[in-house]
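So this first bit is one chain, no partners, the form predicted on its own, shown in C-alpha cells.
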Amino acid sequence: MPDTSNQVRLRVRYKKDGRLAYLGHLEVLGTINRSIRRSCVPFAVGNGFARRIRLQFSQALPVGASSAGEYYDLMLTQRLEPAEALRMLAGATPTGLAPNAAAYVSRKLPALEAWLNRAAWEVRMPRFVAPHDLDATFSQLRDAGELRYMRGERQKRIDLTSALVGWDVSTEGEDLLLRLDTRSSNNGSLRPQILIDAALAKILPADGDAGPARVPLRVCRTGQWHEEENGNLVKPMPSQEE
C-alpha cells in the first residue's frame, strides 16, 4: 500500500448559484472531480481499482437550491500555499461552482457530511399566506414532534424537535422571506421544502388551486457549521470570514 502519511487535507469552500443550482448532487461531484483534474493540483487517489480522487463533500443540496457556502475536503500529496491551490482550482472550475476560500484542516476530523450538522437557510416564496399563520404553523409542527412525509414511494420520518432549531418569517416586497436553522443527525436532515409543504398543507384548503407542490421556492443554504455538545458552533474553516 502507498504511504499516505505525508498527505494533507485541504478544505475548499465554493458557491453554487446561477443555472448550476439545478445540477443534481452526482452532477456536482462529477463536475468538481473533472475541475480538480484540470487544475493540476497534486491530488491524492485512493487504492481502489477506479483510482478515484480522495475527496469528501458536505451534505447534498436539494436540486434547485443555491448556496453561499458549500465545502469539500481534498487530499493532496504535496502541501501548496492555500492561496495558490485556490487559484489553480478556481481557474479550472465553472463560475457557478467557483471556490472562494481554502485552508488546511486536521486529517483527524470526521468526514464533512457527518461533521457539518448545522445549517442556515434563506427561502423566498410568494406572499399568499400571512406571515403569522406560517409562523404559528411551524410552531405547531415542531410541538407535534415527528413529521412524516413521502419521498418517492417511501414514507420518511424526521423529529422536528431536534431538526428544526429556529425560524423567522418576514416580508420583503411581494415575497415571504423565511430564515430557517436546522440540525442534521444520523436520523436524517430537514429540507426546507419538506417543512414548507407540511405547513402549507395545514394552512391551505385541501382542494385549493395553490397546493404546496405548486409553490415556487427560491432556496439558498447560507451557512454550515459543526455543533458541539455544548451548543457552540464551529466554523468549517479556521480562516473563514463571515
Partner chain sequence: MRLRREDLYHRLEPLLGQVEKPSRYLDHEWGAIEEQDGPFHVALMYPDVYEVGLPNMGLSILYSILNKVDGMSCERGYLPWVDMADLMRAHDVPLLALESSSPIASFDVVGFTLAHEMACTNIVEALDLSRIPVRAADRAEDDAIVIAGGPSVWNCEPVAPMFDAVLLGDGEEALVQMCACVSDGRTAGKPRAQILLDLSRIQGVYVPSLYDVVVDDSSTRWGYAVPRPGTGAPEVVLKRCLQDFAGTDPLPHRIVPYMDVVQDRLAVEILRGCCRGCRFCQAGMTYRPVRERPAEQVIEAAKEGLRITGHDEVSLTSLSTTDHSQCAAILHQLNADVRDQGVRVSIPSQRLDSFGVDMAAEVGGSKKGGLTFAPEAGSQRLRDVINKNVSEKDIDVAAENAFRNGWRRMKLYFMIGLPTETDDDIVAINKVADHLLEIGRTVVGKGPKSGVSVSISVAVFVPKSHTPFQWCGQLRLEEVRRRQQLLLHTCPDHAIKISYHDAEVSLVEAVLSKMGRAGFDLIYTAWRHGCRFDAWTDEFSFERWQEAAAELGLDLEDIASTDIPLDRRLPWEHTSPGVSKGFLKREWHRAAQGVTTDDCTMTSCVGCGVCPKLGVDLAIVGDRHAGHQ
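Note that the structure is a prediction, hence the values are computed from the model and not measured. Numbering follows the first chain given and starts at 1.
Keep in mind that the form predicted together with its partner chain is missing from the display, and what follows is about it.
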| property | result |
| --- | --- |
| Lys108, Arg124 and His226 all contacting its partner chain in the predicted complex, non-hydrogen atom within 4.5 Å | no |
| Partner proximity in the predicted complex: Ser184 to its partner chain, non-hydrogen atom cutoff 4.5 Å | no |
| 4.5 Å heavy atom contact, Arg37 and its partner chain in the predicted complex | yes |
| is_contact(Ala136, its partner chain) in the predicted complex, heavy atom dist at most 4.5 Å | no |
| Touches its partner chain in the predicted complex: Asp175 (any heavy atom, 4.5 Å) | no |
| Contact stretch among 144-152, 67-75, 87-95, 164-172 - heavy atom within 4.5 Å of its partner chain in the predicted complex | 87-95 |
| Contacts with its partner chain in the predicted complex, stretch 20-34 (heavy atom within 4.5 Å) | Leu20, Tyr22, Leu23, Glu27, Thr31, Arg34 |
